[in-house]
Every structure is written in structure tokens, then in C-alpha cells.
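First, one chain by itself: the form predicted on its own, in C-alpha cells.
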């Protein structure tokens, strides 16, 4: 037997943004298609006309693109099996429904919502164990149908479920499962206006688009039973189903808006690296390897297998997500980090710093590369480079802690003023800036001023403190407070290196005053 080329799909409804669960479903289908050498298509299930919007569609497409999930067929791509919007496929649904009516696998239902509810309550009172539609229209006579039509009733089309058939179904994740059709309703396939419901449209489209595998949430398992029977009624081969477990919060409860952002683009706008988000979502139910969690998209494709997805629900952990994003931040060069973070830095960093002092600014960014997880965090950390911020409470305490602290700061300011050192930004640094890079970075350049490097600053400062006859630890706390306005931040010697002579002297004198 010649197996068909694998074809998988992601089929969102454009009624809201791309959320965490949807992104994972798309990712697993995409990865499986790439791993199997098949096709990944995007189908838009827009039959909920009251809630479907083009704005939601564009948000979904942007979210997929941001995550690096590309599709081979679908919106903006086209393909041989379109249209890829369900509302453009209505004639196909009508034609298929007529086939099923003719074969006896479907029937017309004229019941009103009120009649259906009455029938449901009657079954409930009888305690028969089934409380769905009572199937009253299954056996209508021609005369009864004519009476309903004369009343102006517009019928739904219902699928005729087998009465009590035991089914053994195989799921690529759940394994072999036994179900009985007596627990299922005769479900509505097509509304009177010709708009299909989910289970019906899904099967018609999967047949028309030659879908071979379907990876989706575990909440669709019951739908899968209905769909298997519909494939059978249409004489078509059913795709291989894989129903993936839910994503829960840290406490093991259903994930809510309080636990995670509901829009993938919110993560983008907050500065989360797309690679980190992709990597983390991939691990919500699937394991890359036993010895590492950080991997690339290409590595995921090479390792991905549908049957490798676990059966147990996974837990979303914001702390681990941030840790993983930080791992990617630390992999970039300072130049890459600055470029990626620039949209969040535009309002906090003077334009001239980007234009004329790129290497210096990269060094400032590099000081925080080990300390951040998301790009938006940088903007609030670099202000001290350009202007002395107000002293926070910890800085005020450090300045007041040592009675002789003011004299130490004035003495060190006088010491620096007498050194032949580069001035601070934004003064004209006479070409020094673009030649200087922190020597701890692999991509560092030779400093233009042999003394003004973090290592040289440390040696000189220790010698100065020794001459004063004080403890080094007692000196550095008021010094950091005077230069940055806080007790936190990058290494103290990097602070002096970045500020330069003029700014250091001015801030030390101001703090002493």
C-alpha cells in the first residue's frame, strides 16, 4: 500500500487571539508535518459569523508568524485544496448533507429549541442515563413533515448515530479506547441557513483537503467519535487522531487569564523572545531530550514524533518561562541584544546614543544581559547612564552609613579628576567610544585607553582605598549609591567604565554635597 503524503492542519476560529493552547496545537501540527516531510496548512473555521472578525484573523496570523510557524497552504498562500475559509465552502457542505440524507445517515429535524428542552427533561425524569435530543424526528411520517413545513418550520440536518454500537478507537496519544454510541446525541450537522456546525464542516474539509493526521486538544476526543462515524458514512478514510492533554496552572487547575496571557502577541509586546516562547510551549506536553530543555526549531523538527507527546496534563509555570527566555537573551551578542531591545529603549535612550555611540551603548546593555529575561526590562535599568536618577532608600542609607563617606567620595573625585581619562557621554569622546568594549565579552575590542578598563579601574581603586586606610567593602557601597542612585546594578567597575571621568567626578561631588 502506498501511503499518502502526510498533510496536517491548524484550524482556528477567528473569534479571538491566538492563545497558549492554540499556539501549542499549531506548533505540534507544524512540527509533525515538517518531521514527516509533509504539508502543513492553515484553515479558517469562520462559521461563527456573529463573533468572527478580520481583526482576530490578522492577530492569529501575526502570532503564528512571530513564533516562526509557517504554513504551506491557506490564507495569503492559496493552494490546490481551497478555499481555506469555511464560509467560502458552503456549497460543499450542502452537497454532502444531501448525500447523507439520501443514504439514510442523516435526517431533517423540525424541532424547536423549546421542544428539544422538553424532550430532554422527559428523558431526565425517566432516568435512562441519556439526556440529549430525544430523536423524535427520526421517524417522522411524510404527513408529519408536510405539517411542519406548512407551519413554516425550517429544519436542521441531524446525523443519525448508531443506536448502541461498541467502538474500539485508536488514538496516537491515548492509545486504544472503547466507547459506545448510546452515549452520543444525534448531533446537528447543518443549520437551515446552510451554515455547518463544527463536526460536520471539519470532516468535509478534512476529506477535501486530504488531511492524514489531526493533532488537537483532548477536549475534542468525544467530537472525534462523531467524526469517525461521519467519515465512515461518507466512505472516506479517517485521519489518525492525536488528542493532547490540557495545559493547567501551577496548582493543577484549569489555566485562566490570571495564570498566562491569552494573546501570543502580548508576549511579543512585552519583549519576550519569540525563540524562548516557542521553546517553552513546545515542552508543555512533549520532551526534547533528557539532558537539556533549550533547543532550536530545527532541532525540534528533527526530534519530534506525535506519539512522543505525553498523556498527562502539563503545567504552565511563568518562572520557568522567564528562565528559558533569559537563556536565549544570554546567547545573543551585545549588538544583537541592543538591536532586539531597541523598540523598548527608544523612549529611554537618547537618539544620539544609538547614532554615535553604538559600541558604548552595547556595553551598557551587556552589563544587564545576565540579569534580564525579557527585552522590556532593559529600559528601566539604563537611565543612570544618561542622567543621575533620584537616590532610592537603599542608596540614601549607604551614603549616610559611614561618617567619613562624604570625604571619601570627594577624595576619589579629586583623584579621578587628576587622571588622563575619557570624558563621559554625551561629550565628544574623540573616537574613544566606538573602539571600547567590555573585555569580558568574547567579541571585545582593544580599549583605546589602556587605563580606563574595568580591570584597570579595579586595580587603581583598590590602591586608592589602601592609601586611605579603609576597608574596600565600606567604600564601594556609598560609591555605587553616588554613581547610580541605587544599591543594585552591574559591576561597580563597569559602572565607572561606562560613565567616564566627567560624569563620575560630577556625581561624586554632588553626592558629597
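Numbering follows the first chain given and starts at 1. These numbers come from a predicted model, not from an experiment.
The form predicted in complex with a small molecule exists for this protein as well; it is not shown, and the discussion that follows is about that form.
Even though the partner isn't displayed, in the model of the complex is residue 458 close enough to the small molecule, meaning a heavy atom within 4.5 Å? Taking the distances in the model of the complex, the answer for residue 458 is no, it never comes within 4.5 Å of the small molecule.
Is residue 202 part of the interface with the small molecule in the model of the complex - any heavy atom within 4.5 Å? Judged by the heavy-atom cut-off of 4.5 Å, residue 202 is in contact with the small molecule in the model of the complex.
Taking any heavy atom pair closer than or equal to 4.5 Å as contact, tell me whether residue 11 reaches the small molecule in the model of the complex. Looking in the model of the complex, residue contacts with the small molecule include residue 11, since a heavy atom lies within 4.5 Å.
Is there a non-hydrogen atom of residue 216 within 4.5 angstroms of a non-hydrogen atom of the small molecule in the model of the complex? Yes, residue 216 lies within 4.5 Å of the small molecule in the model of the complex.
For the chain seen here without its partner, which of 159 to 167, 216 to 224, 346 to 354, 259 to 267 has a heavy atom within 4.5 Å of the small molecule in the model of the complex? Contact criterion met by 216 to 224 only.
Of 130, 148, 328, 198, which residue is found within 4.5 angstroms of the small molecule in the model of the complex when only non-hydrogen atoms are counted? Exactly one residue meets the criterion: 198.
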